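Encoded as structure tokens, the following chain is the form predicted alone, with no partner shown.
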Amino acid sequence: MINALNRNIPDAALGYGKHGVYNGAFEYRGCEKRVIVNSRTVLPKEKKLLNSLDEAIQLSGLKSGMTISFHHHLRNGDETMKKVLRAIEKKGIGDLTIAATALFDCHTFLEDYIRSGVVKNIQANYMSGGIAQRISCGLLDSPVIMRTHGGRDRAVESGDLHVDVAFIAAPAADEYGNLNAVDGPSAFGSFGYAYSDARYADCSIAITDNLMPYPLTYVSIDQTLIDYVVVVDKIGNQEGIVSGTTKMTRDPIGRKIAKLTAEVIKNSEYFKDGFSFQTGAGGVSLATAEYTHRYMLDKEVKGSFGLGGITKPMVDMLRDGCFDVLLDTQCFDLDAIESLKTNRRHREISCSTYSNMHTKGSVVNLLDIAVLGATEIDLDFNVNVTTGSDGTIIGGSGGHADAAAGSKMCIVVANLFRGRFPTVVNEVTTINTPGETVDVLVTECGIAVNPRRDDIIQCLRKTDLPLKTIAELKDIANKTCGIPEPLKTTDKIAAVVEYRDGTLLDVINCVE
């Protein structure tokens, strides 16, 4: 079946889409009902604090063929998943579906559990590192289902993704299941991705390395949502939160792109008191926030809120009064964690509140400007941040498609070419963000505005910014690095890509 972006969705992939194929960013509004939450009665003398993971798994009722979930706030420092799967394997449980918000290189060990039959399927919003490479080469028999961050919460809350047992890594917990992520040696800040799992899973198990006296003074997830609490030696390494992709660029080309992006923002109609702002966590996006910060101080412009995964540049903007509040689904560095803990104007929100389109209004709907990255962008402004130049999975949408769809002006920042590969292409390898929701592309060689946005074009023509068409940028890239050979892939599907509304956007074939 051909979807609205002219992508062929094979029959083998159609069975993974409960809402048909993509027909436009705002065509499928949905009228989904939230699932009925299973509950149980905890009597006065019953205890939630257990002696081991083994006991918690036993009491959870976990059986072969079920779905278990994990969240990724510790990113490449996560150690909880390995502990849980080791305990599950000892109990002889198999054929499980892992519903993770994201997977990183630290999760490469999953290959062993897939080969041994403990894990059968995976669903995730983002994948990178060794496990993503293995899946790209056909490790799994069935495709991974990849969603946006808001799309995952939509799926959990609607029942499209039913979680039997949620394993929630908690930097701080009390014996009755109150949790936060700002205290303890493994603090990661906002609990944004775990809220829906805690609320809608049949059983929610908190795993902590920092048991604190009841009651916690700061509570993110409260005791009414947690079935059991288990103490382990360590849930993860806080240093793994910050990776190479979440460090501000010092590269001159990257800084040039960031400066041009900030100029686009400054000269747009949206740069005024009360505007709202989100940047991605990529190096150029972080530098863009730094330049925008300076312009806001110089022009005495004060915004309403900063949004998304929060980083030090956004914390600095809050501190200097550039924004009234930060709304945080994930902390990307230690400065953001400390800010969330100490500043009342820095608030954590659930991922559903952030970007689930099938609610009565997510925050991205009120977003003025979003600055996001790209691996590839095509002549129709469709964006790929999921697969690399060799066709292997290197990431995923995360909040990319959510923020693009909600914002009034979505700016994509990217080097025009990386090595010998152009960023602007005829057709991207994988679509994760439809071009109808992308407004501006900023590269070191020029700025292209989506022809749909004549208002932005007219605004920027009043400046001396280097405006070009996206076709002109593609020609520059091709003259520099040539036209790459077509990718060679197999007929086997490694992953299906859902849009934020649950419709099928694209498929990712295994590489040869």
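When you see a residue number, it is the position in the sequence shown, counting from 1. This structure is a prediction, so every number in the text was calculated from the model and none was measured.
There is also a form predicted in complex with a further copy of the same chain; it is not shown, and the following applies to it.
Student: Please check if Gly406 has a heavy atom lying within 4.5 Å of any heavy atom of a further copy of the same chain in the predicted bound form.
Tutor: Result yes; Gly406 sits at the interface with a further copy of the same chain in the predicted bound form.
Student: Evaluate Gln58 for contact with a further copy of the same chain in the predicted bound form, applying a 4.5 angstroms cut-off between non-hydrogen atoms, and reply yes or no.
Tutor: The answer is no: Gln58 has no heavy atom within 4.5 Å of a further copy of the same chain.
Student: I'd like to check something about Lys82: if you look in the predicted bound form, is any of its heavy atoms closer than or equal to 4.5 Å to a heavy atom of a further copy of the same chain?
Tutor: No, Lys82 is distant from the partner.
Student: Using heavy atoms and a 4.5 Å limit, would one call Ser362 a contact residue for a further copy of the same chain in the predicted bound form?
Tutor: Ser362: contacts a further copy of the same chain in the predicted bound form.
Student: Quick one: of Ser352, Asn415, Thr392, Thr429, which gets a non-hydrogen atom within 4.5 angstroms of a further copy of the same chain in the predicted bound form?
Tutor: Flagged contact: Ser352.
Student: To verify the annotation, which of these, Met357, Ile377, Leu372, Ala194, has a non-hydrogen atom within 4.5 Å of a further copy of the same chain in the predicted bound form?
Tutor: Residue within 4.5 Å of the partner: Met357.
Student: Where, among 470-478, 455-463, 44-52, 61-69, do residues come within 4.5 Å of a further copy of the same chain in the predicted bound form by heavy atom distance?
Tutor: Going by heavy atoms within 4.5 Å, the stretch is 44-52.
Student: Would you mind checking 214-233 for residues with a heavy atom within 4.5 Å of a further copy of the same chain in the predicted bound form?
Tutor: Counting only heavy atoms within 4.5 Å of a further copy of the same chain in the predicted bound form, the contacting residues of 214-233 are Tyr214, Pro215, Leu216, Thr217, Tyr218, Val219, Asp222, Gln223, Thr224, Leu225, Ile226, Asp227.
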